[in-house]
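This document opens with one chain alone, in structure tokens, the form predicted on its own.
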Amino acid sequence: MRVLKVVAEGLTTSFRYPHFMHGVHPTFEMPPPATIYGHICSALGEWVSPEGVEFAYHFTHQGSFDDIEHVHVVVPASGKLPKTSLPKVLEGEVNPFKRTVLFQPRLMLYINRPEWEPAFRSPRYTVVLGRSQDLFTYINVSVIDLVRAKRAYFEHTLLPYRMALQVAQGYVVLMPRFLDYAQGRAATFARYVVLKRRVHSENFLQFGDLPNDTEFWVDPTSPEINGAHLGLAFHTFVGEYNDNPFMA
């Protein structure tokens, strides 16, 4: 499987939980799929069709901290501005809140579109991941061939929810999978497993009705640990999503 591999680093990033508006803005520990889609489109310079696009990634950071930011909440107003005859149309107040920020993030992104290599070598828009001020730098852009292997290790990545019981590590989150800009940014959500700790495939829990999926896509250029390379779990932005966990 030939894929585009992009390695990017930045100083800070933050992936705000979309349902927190006031007081605190916690962050996901991994970039949601919808964020990855926006990042890809930014490099390409257009809203590409999400159909058939698959991605996997390895994402790390060196810690997190809370930053104090302000939101100016305004409402319609009437009357005049103080000591003037000018009409007052808005009024409001400053609302401080805590935003959690990830420090020194690093992303290894794999996309099943090797033909997009030129776009990532010369991205159309400023390279960011997360907020518009979270600047990133592409450290390396290349095309590699993934291979199938019976052994792999998974770490610092996002897994499909159906693997939650199988890996028996990490935690489940509900993330925005895709924002449909043609429909007013209508969001689609899905459940995933945030896996930070390394898990080798031979330690996966086995159940009686597991499909005969005993091989994994691995990156042969990744560090070899105990005879295995980094395993990759690919995701899609649209279409069917298997939300049924492996169970006995």
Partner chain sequence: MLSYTGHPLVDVGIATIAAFVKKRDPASLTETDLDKVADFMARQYVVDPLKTFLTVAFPNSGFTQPAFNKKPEKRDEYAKRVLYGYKADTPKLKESCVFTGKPAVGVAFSDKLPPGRAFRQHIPLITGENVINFFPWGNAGLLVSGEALLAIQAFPLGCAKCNGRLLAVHSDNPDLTYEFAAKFLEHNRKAITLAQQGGSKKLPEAGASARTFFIETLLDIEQSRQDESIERRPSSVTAYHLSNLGSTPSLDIYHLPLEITDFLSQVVSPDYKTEWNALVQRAWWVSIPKNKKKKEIQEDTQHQRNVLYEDLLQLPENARQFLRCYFLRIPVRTRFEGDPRRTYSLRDEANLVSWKLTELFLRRIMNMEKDRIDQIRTLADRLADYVFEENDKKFFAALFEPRYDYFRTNLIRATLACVQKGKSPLIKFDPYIEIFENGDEIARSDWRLARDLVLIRMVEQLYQKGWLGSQPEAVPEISEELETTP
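The term rigid core refers to the maximal set of C-alpha atoms that superpose within 1.5 Å between the two forms. Note that the coordinates shown come from a computational prediction; the quantities given were computed from them, not determined experimentally. Positions refer to the first chain, counted from 1.
Form predicted in complex with its partner chain: not shown, discussed below.
Quick check on this chain: which one of V143, V147, L81, V74 has a heavy atom within 4.5 Å of its partner chain in the model of the complex?
Going through each option in turn, the one that passes is V74.
Against its partner chain in the model of the complex, would G63 count as a contact residue? Criterion: heavy atoms within 4.5 Å.
Although its partner chain is absent here, G63 would stay clear of it in the model of the complex, with no heavy atoms inside 4.5 Å.
Classify F204 as contacting or not contacting its partner chain in the model of the complex by the rule of any non-hydrogen atom within 4.5 angstroms, answering yes or no.
Because no heavy atom of F204 falls inside 4.5 Å of its partner chain in the model of the complex, the answer is no.
Contact of M21 with its partner chain in the model of the complex (heavy atom, 4.5 Å)
Yes, M21 sits close enough to its partner chain in the model of the complex that at least one of its heavy atoms falls within 4.5 Å.
Answer with yes or no whether L86 is in contact with its partner chain in the model of the complex, where contact means some heavy atom within 4.5 Å.
No, no contact at 4.5 Å.
Just to confirm the contact call: exactly one of 216-224, 180-188, 50-58, 31-39 touches its partner chain in the model of the complex at a 4.5 Å heavy atom cutoff, so which is it?
That would be 180-188.
Using the arrangement in the model of the complex, list in sequence order the residues of 95-115 with any heavy atom within 4.5 angstroms of its partner chain.
Residue within 4.5 Å: F97 only.
When the rigid core is used for the superposition, does G92 move between this form and the one not shown (threshold: C-alpha shift of 2 Å or more)?
After core superposition, the C-alpha of G92 moves 2 Å or more between this form and the one not shown.
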